[in-house]
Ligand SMILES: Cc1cc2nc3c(=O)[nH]c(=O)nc-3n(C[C@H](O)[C@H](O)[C@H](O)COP(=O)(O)O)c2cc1C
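The data below hold one chain only, encoded as structure tokens and taken in the form predicted alone.
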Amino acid sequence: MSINQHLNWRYATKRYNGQTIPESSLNDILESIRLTPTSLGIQPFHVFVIENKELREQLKPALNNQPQSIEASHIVVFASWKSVTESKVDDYMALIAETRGVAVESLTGFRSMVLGYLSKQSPEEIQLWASKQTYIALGTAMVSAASQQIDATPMEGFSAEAVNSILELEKHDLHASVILALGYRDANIDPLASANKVRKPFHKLIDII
């Protein structure tokens, strides 16, 4: 199947059958998140993969009791940075230097550019910018899942404050941005499983200028 055929197959699954995703498939999806592009390449978020059933029961009210929170194989919480400190930027520079085998001093210009860009943003703009990066990763993960015939549901209908509290994200300067359920559809009870995909026609959505 082509990537577009996989995307036509997927939908925002509402009911899952409880089947567990193979570890290798889950790792492929998580690796796609790790490899996803982000602004400045800095990856301003952390990802929590929730397997623990008791923890998911605790999270369920925060997720407005959506059945995916329990029925899916895994729940993936994308938590964006609330701030970008100079220390975080220096950690990023050290990673570049180590990965590419260059002296960290050679990155002085890039470091200054990154800090200069970030210094012009308000705390609210930084948080919005970091949150946007999680959505890039979310999209990459959904495409990776679809390519393996694994269902995925992006979830925005939740109490970020409650999720932050349960996972103690504030301690780590993180904020729950978006959540992704992963697993296998239960076509017997999900009315959308056999519904036609609703999308605007190409000519009404896209203009080539």
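Start at 1 with the first residue shown and count on from there. None of these values were measured; they are calculated from a predicted model.
Although not depicted, the form predicted together with the ligand is the subject of the following passage.
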Open item on the list: Even though the partner isn't displayed, in the predicted complex is residue 36 close enough to the ligand, meaning a heavy atom within 4.5 Å?
Closed with: no
- [ ] Could you confirm whether residue 135 comes within 4.5 Å of the ligand in the predicted complex, counting heavy atoms only?
- [x] yes
Task: Residue contact check: residue 157 to the ligand in the predicted complex, 4.5 Å heavy atom - done: yes
TODO: Answer for residue 187 alone: is it within 4.5 Å of the ligand in the predicted complex, judged on heavy atom distances?
DONE: no
TODO: Could you spot which one of 164, 153, 69, 144 gets a heavy atom to within 4.5 Å of the ligand in the predicted complex?
DONE: 153
- [ ] Quick one: find which of 166-174, 44-52, 60-68, 24-32 has residues within 4.5 Å of the ligand in the predicted complex by heavy atom distance.
- [x] 60-68
Task: Any residue of 1-20 that, in the predicted complex, places a heavy atom within 4.5 Å of the ligand - done: 10, 11, 12, 14
